[in-house]
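Quick heads-up: it's one chain on its own, the form predicted alone, in structure tokens.
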């Protein structure tokens, strides 16, 4: 099925094919998103007209390139965070080669330290960092997402994937439970790749706090 699906997936940037081929047999990096997910991210950015995109978990910059091509079309910018110094150097090189260094800004450091210091409001936030970060950063990311913005998390079907280390599934399961119990979000899970949870922020914190006070 995937072979058939990918027959129709033109890559938005020529470098993406090279990264897919060159990273296929590497065991020194975290796996990148699937091309169908990359295309879906690009679609969501274009569909919503997002101009401020935050990514947690850069890897070698594969998904950053998909997002970068999308925000080039909308006139926006991507900020992407990762704490691996070695792959950060690869990212810088890849972004230059992809012609996207002017629209994608990679930050080197721990997301749990960088995110709380961010002051911008984001149209789309893509969470694909260490799975322990999913519940840990949930509130911080929610606060920095604009009302009407999208919070997207990758690998959210790890809990029911027998090939994935159990603890990783515990983190993503906790994240899903929090997302789907949060009345400020309108969410769904799609079976793309290892699962992707997409949440629309429909209420802000003040409305949520007022509702709690009324019910309390």
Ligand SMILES: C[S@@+](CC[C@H](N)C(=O)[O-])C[C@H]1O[C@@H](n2cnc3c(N)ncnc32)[C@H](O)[C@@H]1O
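Residue numbers count along the first chain shown, from 1. Values in this document were obtained by computation on a predicted structure and should not be read as measured data.
Separately, the form predicted in complex with the ligand exists; it is not shown, and the next lines address it.
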Inset, instruction - Look at the stretches 92 to 100, 140 to 148, 68 to 76, 105 to 113 and give the one with heavy atoms within 4.5 Å of the ligand in the model of the complex. - result: 105 to 113
Legend entry - Three-residue site 32, 59 and 82 fully in contact with the ligand in the model of the complex at 4.5 Å by heavy atom: yes
Legend entry - residue 135: touches the ligand in the model of the complex, heavy atom cutoff 4.5 angstroms: no
Legend entry - Interface membership of residue 63, the ligand in the model of the complex, 4.5 Å heavy atom rule: yes
